[in-house]
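The chain below stands alone, shown as structure tokens; this is the form predicted alone.
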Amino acid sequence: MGKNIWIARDYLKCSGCRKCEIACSLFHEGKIWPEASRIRIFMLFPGLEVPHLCTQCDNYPCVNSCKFNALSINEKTGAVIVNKEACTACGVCINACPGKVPWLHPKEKYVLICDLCGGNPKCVEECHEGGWDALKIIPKTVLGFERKNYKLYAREPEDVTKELAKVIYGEEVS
């Protein structure tokens, strides 16, 4: 097995520019199409932008929930891979995900999940080039020990927004 990675997010650094969505859709769809991006930026409250994408959970609840064998794991990167032909867009994987990250392609019948662009995530490159560094590639293991902190990010955008509001504004959002 290769070097498994995940993408860490620093919510306080995200500007909400959505260039990560553009880079993702260009790579995967061949055109600027944020609706078909594997990363989505949620702004549920003004000034609180939340990059939302797969954390590549170690127990892969989405993969395990799929009855059609449409989801698999890339052994090189640890990313979830979607077989478009096998996926029926049933949505079971969405409900199995603790962060409700997978979502349906806007025009075709399959689910969208971050595949880490084969180990070179375009969203991370774009975020770094823009000087925000809100997204960073992190190895899942260090010196042979698996890090579990990526599980902190497998949450729904609403939950993240509530915590961000407390940090930034000192108040809860309703």
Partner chain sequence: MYGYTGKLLEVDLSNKKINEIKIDEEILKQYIGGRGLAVKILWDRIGIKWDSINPFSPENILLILTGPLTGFFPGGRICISGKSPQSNGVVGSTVGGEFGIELKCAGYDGIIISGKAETPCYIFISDSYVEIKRASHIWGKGGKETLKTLLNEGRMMLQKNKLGKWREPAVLYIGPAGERKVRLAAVMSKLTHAAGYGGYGAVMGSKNLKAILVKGTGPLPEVFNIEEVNKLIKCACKECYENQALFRQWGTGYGGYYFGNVTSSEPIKNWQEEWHEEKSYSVTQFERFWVKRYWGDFGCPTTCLKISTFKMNSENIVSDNPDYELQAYLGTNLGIFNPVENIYLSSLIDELGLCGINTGNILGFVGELYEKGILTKEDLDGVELTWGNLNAFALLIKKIAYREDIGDILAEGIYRAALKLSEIKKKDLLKYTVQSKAIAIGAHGVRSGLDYTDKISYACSTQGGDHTSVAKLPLDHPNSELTVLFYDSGVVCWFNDWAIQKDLKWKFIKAVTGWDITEKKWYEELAPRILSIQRILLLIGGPDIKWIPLKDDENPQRFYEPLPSGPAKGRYVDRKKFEEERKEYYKALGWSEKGIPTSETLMKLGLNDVVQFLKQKINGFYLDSTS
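Positions refer to the first chain, counted from 1. Everything quoted here is computed from the prediction, not taken from an experiment.
Although it is not shown, the form predicted together with the partner chain is what the next lines describe.
Do residue 19 and the partner chain share at least one heavy atom pair within 4.5 Å in the predicted bound form? Yes, residue 19 lies within 4.5 Å of the partner chain in the predicted bound form.
Would residue 156 count as a contact of the partner chain in the predicted bound form, using a 4.5 angstroms cut-off between non-hydrogen atoms? Yes, residue 156 sits close enough to the partner chain in the predicted bound form that at least one of its heavy atoms falls within 4.5 Å.
Even though the partner chain is not shown here, does residue 100 get within 4.5 Å of it in the predicted bound form, heavy atoms only? Judged by the heavy-atom cut-off of 4.5 Å, residue 100 is in contact with the partner chain in the predicted bound form.
Can you check whether residue 68 is within 4.5 Å of the partner chain in the predicted bound form, heavy atom basis? No, residue 68 sits far enough from the partner chain in the predicted bound form that none of its heavy atoms falls within 4.5 Å.
So which residues in 8-35, when you check the partner chain in the predicted bound form, have a heavy atom no farther than 4.5 Å from it? Those in contact are 11, 12, 14, 15, 16, 17, 18, 19, 21, 22, 26, 30, 31, 32, 33, 34, 35.
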